[in-house]
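Before any questions on binding or motion, here is one chain by itself as structure tokens, the form predicted alone.
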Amino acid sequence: MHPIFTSIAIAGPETVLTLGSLAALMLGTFSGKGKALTVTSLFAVAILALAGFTLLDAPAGITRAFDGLYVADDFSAFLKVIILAAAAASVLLALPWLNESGSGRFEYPVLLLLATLGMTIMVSANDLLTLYVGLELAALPSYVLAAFHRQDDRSAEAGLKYFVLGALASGILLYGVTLIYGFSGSTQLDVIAGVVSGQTERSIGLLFGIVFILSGLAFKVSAVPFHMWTPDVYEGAPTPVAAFFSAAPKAAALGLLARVMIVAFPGNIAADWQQILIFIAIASMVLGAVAAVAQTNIKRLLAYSSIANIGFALVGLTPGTPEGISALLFYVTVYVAMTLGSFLVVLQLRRPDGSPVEAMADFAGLSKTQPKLAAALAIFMFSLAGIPPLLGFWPKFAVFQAAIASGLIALALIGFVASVIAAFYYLRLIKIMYFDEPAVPLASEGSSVNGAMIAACALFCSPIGMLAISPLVAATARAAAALFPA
């Protein structure tokens, strides 16, 4: 078989997503106007599922394609499952909102498919240029998605802010890539690792390149000090889009960051990027925990919660060990379920005039008007706070344990303190739902599919989800081992 066809077969998910997104565009164009969104959305979910099934036939071990630009291994396969599942959930949860808001255009699932394609390329990138192409392919549809509700000034503003700051971050990242290429002579991660390992003295040029790359990627994961876009975009973007932004892109960017740092910059230079990550992790945990206390908008609160959770996840990456990467993947998996479930509950609720619920004061007395949704949201809040025996406790315990095992005791202690601070605003929302008198009677107007997804996420995050810990930890350990070949 010709090498190009072999490479296309190895990149099964990307091949399916590429062809599927083009087919979805044609399907939406030629479908009847009234049913274009529903037909295209269901087709997009089928494409995402088919892309996931191609992972079952993936070759064992580490397989490279396209002359080493692309790598397929257990690490990328694990993250692709999370990305594809989060994308499929984002398509389904958006359907009722799009139909009700008058934004029911078929372009939404097409844009989401294209963004997902970029994310799958990101986690399989074995070259800095492949990394950049994947990032941009994920970012460009995301800018449009943020401004998808174009009649809303807040949505248009969110899209513009995201675009301007995203373009700046992309420029910073590309400058870092040029520095790495200039001082190592290659853009392939394993070749860069060989050059770095063979150096007896620290290269200042390489160090500057790492700083620029970390800065660009920190924007993508909304880590401090490159977080400034997150609260405004989450608040202004349509709620289904904010739910998507909080899940799949975070998993993809964290996976990309882990692969670049672990594979390309091992040995002595690892101590340099570890210091940078320690600062970013501490700043994200502390700012995300403290700034969220003053929020009165549920979407802004979830935005700062996202920033704090990225800091906790980076605690697992900072040691640069297989145990730390395994804890990072464990954290990302549970976080995606918690945050998607939270946004699903918000999407289900409507004020008496039919407007969406965003103010935290509107949740007053929710346990009396919508007891099932209140119970589900309470599970997600307790889990995000890391309160045992809910599932959210265990990934935090895992990342702190990995940091302590590597001697980063101070980092773990700061993370513990930030987690206690963050628990305040999660528990405050629970107090509002269960102990305050109802402000306005909220109605539930979501679909049965959304209700089923809420129930599934709530069960996973509840103590019942502890049954999944052993197989999940085993899967994350296998995935992490792929970054540390013997």
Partner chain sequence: MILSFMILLPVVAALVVATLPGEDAERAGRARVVALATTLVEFALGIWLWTQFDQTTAAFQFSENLPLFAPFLNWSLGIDGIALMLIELSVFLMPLCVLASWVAVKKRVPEYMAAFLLMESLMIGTFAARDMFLFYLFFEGGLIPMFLIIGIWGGARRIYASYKFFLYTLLGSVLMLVAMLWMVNFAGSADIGVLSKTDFPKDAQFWLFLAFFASFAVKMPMWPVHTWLPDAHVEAPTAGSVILAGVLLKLGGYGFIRFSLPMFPDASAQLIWLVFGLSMVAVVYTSLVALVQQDMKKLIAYSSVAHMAFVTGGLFALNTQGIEGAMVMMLSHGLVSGALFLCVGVIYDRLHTREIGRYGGLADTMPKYALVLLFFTMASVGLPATSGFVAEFLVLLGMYQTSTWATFVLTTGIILGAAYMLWLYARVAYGKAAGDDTRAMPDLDAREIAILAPIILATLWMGIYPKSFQAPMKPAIAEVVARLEGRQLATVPTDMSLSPALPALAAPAAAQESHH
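The structure presented is a predicted model; accordingly, all values stated were derived computationally and were not measured. Residue numbers count along the first chain shown, from 1.
The discussion below concerns the form predicted together with the partner chain, not included here.
Contact with the partner chain in the model of the complex, defined as a heavy atom within 4.5 Å, is made by all three of 368, 420 and 424. In terms of contact with the partner chain in the model of the complex, the residue from 194, 205, 389, 267 that brings a heavy atom within 4.5 Å is 389.
Out of the listed residues 290, 361, 409, 168, 409 is the one that sits within 4.5 Å of the partner chain in the model of the complex by at least one heavy atom. In summary, the region of this chain contacting the partner chain in the model of the complex, judged by heavy atoms within 4.5 Å and restricted to 389 to 397, 74 to 82, 255 to 263, 303 to 311, corresponds to 389 to 397. Residue contact check for residue 99: none of its heavy atoms lie within 4.5 Å of the partner chain in the model of the complex. Under a 4.5 angstroms non-hydrogen atom cutoff, the partner chain in the model of the complex has residue 405 among its neighbouring residues. In the model of the complex, the partner chain sits beyond 4.5 Å of every heavy atom of residue 67. Under a 4.5 angstroms non-hydrogen atom cutoff, the partner chain in the model of the complex lacks residue 335 among its neighbouring residues. Contacts of stretch 305 to 338 with the partner chain in the model of the complex, defined by any heavy atom lying within 4.5 Å, are made by 330 alone.
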